[in-house]
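The chain below stands alone and is given in structure tokens; this is the form predicted on its own.
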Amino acid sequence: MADEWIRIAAPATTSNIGAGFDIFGISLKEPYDIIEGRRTDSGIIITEVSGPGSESIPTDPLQNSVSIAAQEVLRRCGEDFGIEIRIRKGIRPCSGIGSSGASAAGGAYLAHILCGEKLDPTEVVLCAAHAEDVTSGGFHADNVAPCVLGGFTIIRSYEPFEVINIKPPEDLGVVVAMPDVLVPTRESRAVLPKEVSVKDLVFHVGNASCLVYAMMTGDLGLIGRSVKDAVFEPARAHLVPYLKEAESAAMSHGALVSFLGGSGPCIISFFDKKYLNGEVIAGSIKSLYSEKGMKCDTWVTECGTGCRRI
């Protein structure tokens, strides 16, 4: 394996999903990053970064999510070999669909393969979360957990760390709309309130509980009714132009629910694949932004399986 290049697809994710701030996450089938690597004698080096937003991504291994996560895997496995890394971004940074999380998870998963898969999946998630802590200003695993494990994930506890993995309903479709605006994770976290009211706490617990039940039972209607956020999306709404108008457009064209993806600016809409293909929802949001003089990229996708070797 010393000279063999290993290629990993690390998918986009959406986190928070209404009331589940820093707790809920879903892996998406598309878009995804491709992380390539091969063993070297020593040291981690990044020899290539390409794709959307690549000009803003550091190649210094001490500052890049891919290499930081990979190094943490090597440390946990007690390995001292090096890795040469190439990164092809399919997920633009500052997008709200886990760009840094995909890099971190892809780097951890790559090193995990190169080390002979010595770690259990939760340890791989923790190695990726370590990189998020360094680069995003906080230890959170709501993006890296679904990126590694796939499906719908719930962080039950951070201390001690425990993550639960649920397979989402087969008919749950996802539209991703990414308006041409950047929302850095550090900036979006800085605007959040430090305290919440008991009323909002009760509201979030009720909706979060019902969303988990709906994911497990396949109740798409209940999923749509349970993706509610009284605290975090309202605090971030001003960072994303025309957010509420875009959500309204999606809902008027058949979405079950439409909400801010992660820290933004991506807008996520769920739909029932039995009745829609999602293109009409994507088109409605894209048209809205076009009328406002803004570019907006869209993907019509579904829940994915997490990091995989390709």
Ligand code: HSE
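The structure displayed is predicted, hence computed values, not measured ones. All residue numbers are counted from 1 along the displayed sequence.
The form predicted in complex with this ligand exists for this protein as well; it is not shown, and the discussion that follows is about that form.
*Asks:* Choose from 58 to 66, 43 to 51, 256 to 264, 237 to 245 the stretch whose residues reach within 4.5 Å of this ligand in the model of the complex, heavy atoms counted.
*Replies:* Flagged stretch: 256 to 264.
*Asks:* Non-hydrogen atoms within 4.5 angstroms of this ligand in the model of the complex: do Asn16, Phe21 and Arg189 all have one?
*Replies:* Yes, each of Asn16, Phe21 and Arg189 comes within 4.5 Å of this ligand in the model of the complex.
*Asks:* Quick check on His140: any heavy atom within 4.5 Å of this ligand in the model of the complex?
*Replies:* Because a heavy atom of His140 falls inside 4.5 Å of this ligand in the model of the complex, the answer is yes.
*Asks:* Does Gln71 reach this ligand in the model of the complex, with heavy atoms at most 4.5 Å apart?
*Replies:* Gln71: no contact with this ligand in the model of the complex.
*Asks:* Does this ligand get within 4.5 angstroms of any non-hydrogen atom of Ser226 in the model of the complex?
*Replies:* Answer no; every heavy atom of Ser226 is more than 4.5 Å from this ligand in the model of the complex.
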